[in-house]
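Take a look at this one chain, the form predicted alone, written out in structure tokens.
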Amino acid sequence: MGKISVYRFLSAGCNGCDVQVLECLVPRYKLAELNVEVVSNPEEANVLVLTGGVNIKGREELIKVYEKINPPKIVIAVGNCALTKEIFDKGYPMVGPPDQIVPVNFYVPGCPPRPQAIVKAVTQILGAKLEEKEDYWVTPEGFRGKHEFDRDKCIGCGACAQVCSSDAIDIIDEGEKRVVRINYGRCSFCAFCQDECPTQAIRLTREYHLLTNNRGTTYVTNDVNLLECASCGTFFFPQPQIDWALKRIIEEKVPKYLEFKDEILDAMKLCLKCRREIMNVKKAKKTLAELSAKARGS
């Protein structure tokens, strides 16, 4: 294997990824044994490592650097800002992401990625193999990595998307299904979604080797069935959420309402539009009056 020369391009970001890239250069990760070296001039490099998003001032500099590096001109985007601009996405000076400016061959998601993930990515790209016997290759306890859904627990409520500070979670209603989609290329791995999920359906695993050559694959998804409106037939609300809410109300919170289970369920089976129809409004008011009387013990 010939010598692999790497040039780092630092752009708009928090510099957390830059610290991890520097950590990769310490002897214990053995990149030098693979003939990998970091150079100070792009003319000496054939691999370009990008960290951070790209701002207006950095755009032309990135293009110049890319033009100067030597074939095969391998570009590795390290960290989520280099994938999607992440929390800097809405910043007025931001352009890109980088793969809209220069070709990017590989992506290493993370915020920031562990140095082990970056080293592993480089070795995979080179077709090399490193032994991972040492303790520092073991993921530490409590590490927050790639998401995992418990499909039996997810009710599709969307609480995870509402609490997400990075806009990394989308709720998409498609026909009879609701899709909960997490883009871990945008995620800051804060674990708010895990902490706030009412059914503990989301877990951040210890998986951190997330190398991909297509940032369109940096997603974890789950889908749940939507309930069909009993009146107009529109699919409008997650069926598991209704089942979960009924159980909490009737079995756990207010068992007195058990005899009204069918009436409550009938009301919940109507979409918002149909609930506004006069007949349904009258029926709902009657049910509420009966529930109120039951709660008062009359």
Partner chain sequence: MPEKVYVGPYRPQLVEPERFELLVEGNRIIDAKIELGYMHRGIEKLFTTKTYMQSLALAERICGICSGIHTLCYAQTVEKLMNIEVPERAKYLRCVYMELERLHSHYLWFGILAHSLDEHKAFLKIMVERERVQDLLEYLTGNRMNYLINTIGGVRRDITPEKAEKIHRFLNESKSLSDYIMELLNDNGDFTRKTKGVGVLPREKALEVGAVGPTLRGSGVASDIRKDDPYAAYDELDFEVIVENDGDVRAKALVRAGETYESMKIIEQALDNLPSGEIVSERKEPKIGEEFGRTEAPRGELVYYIRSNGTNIPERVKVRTPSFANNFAILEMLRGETLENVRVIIESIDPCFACTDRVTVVDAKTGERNCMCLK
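Positions refer to the first chain, counted from 1. What you see is a predicted model; the values in this text were computed from it and never measured.
A second form of this protein, the form predicted in complex with its partner chain, is not displayed here; the remarks below concern that form.
Decide if the three candidate residues I155, V179 and Q239 all line its partner chain in the model of the complex, where lining means a heavy atom within 4.5 Å.
-> Per the other structure, none of I155, V179 and Q239 touch its partner chain.
Which residue, E252, D262, E67, E61, has a heavy atom that falls within 4.5 Å of its partner chain in the model of the complex?
-> Of E252, D262, E67, E61, the residue with a heavy atom within 4.5 Å of its partner chain in the model of the complex is E61.
Is R28 close enough to touch its partner chain in the model of the complex, meaning at least one heavy atom pair within 4.5 Å?
-> Residue-level check for R28: yes, a contact with its partner chain.
Going by a heavy atom distance of 4.5 Å, is C14 a contact of its partner chain in the model of the complex?
-> Judged by the heavy-atom cut-off of 4.5 Å, C14 is in contact with its partner chain in the model of the complex.
Contact of P112 with its partner chain in the model of the complex (heavy atom, 4.5 Å) | Judged by the heavy-atom cut-off of 4.5 Å, P112 is in contact with its partner chain in the model of the complex.
Are any of the heavy atoms in I171 no more than 4.5 Å from a heavy atom of its partner chain in the model of the complex?
-> I171: no contact with its partner chain in the model of the complex.
What stretch, of 162 to 170, 118 to 126, 216 to 224, 146 to 154, brings heavy atoms to within 4.5 Å of its partner chain in the model of the complex?
-> Checking each option against the 4.5 Å cut-off leaves 162 to 170.
Within 82 to 112, which residues have a heavy atom closer than or equal to 4.5 Å from its partner chain in the model of the complex?
-> If the 4.5 Å heavy-atom criterion is applied to its partner chain in the model of the complex, 82 to 112 yields E86, I87, F88, K90, G91, Y92, P93, M94, C111, P112.
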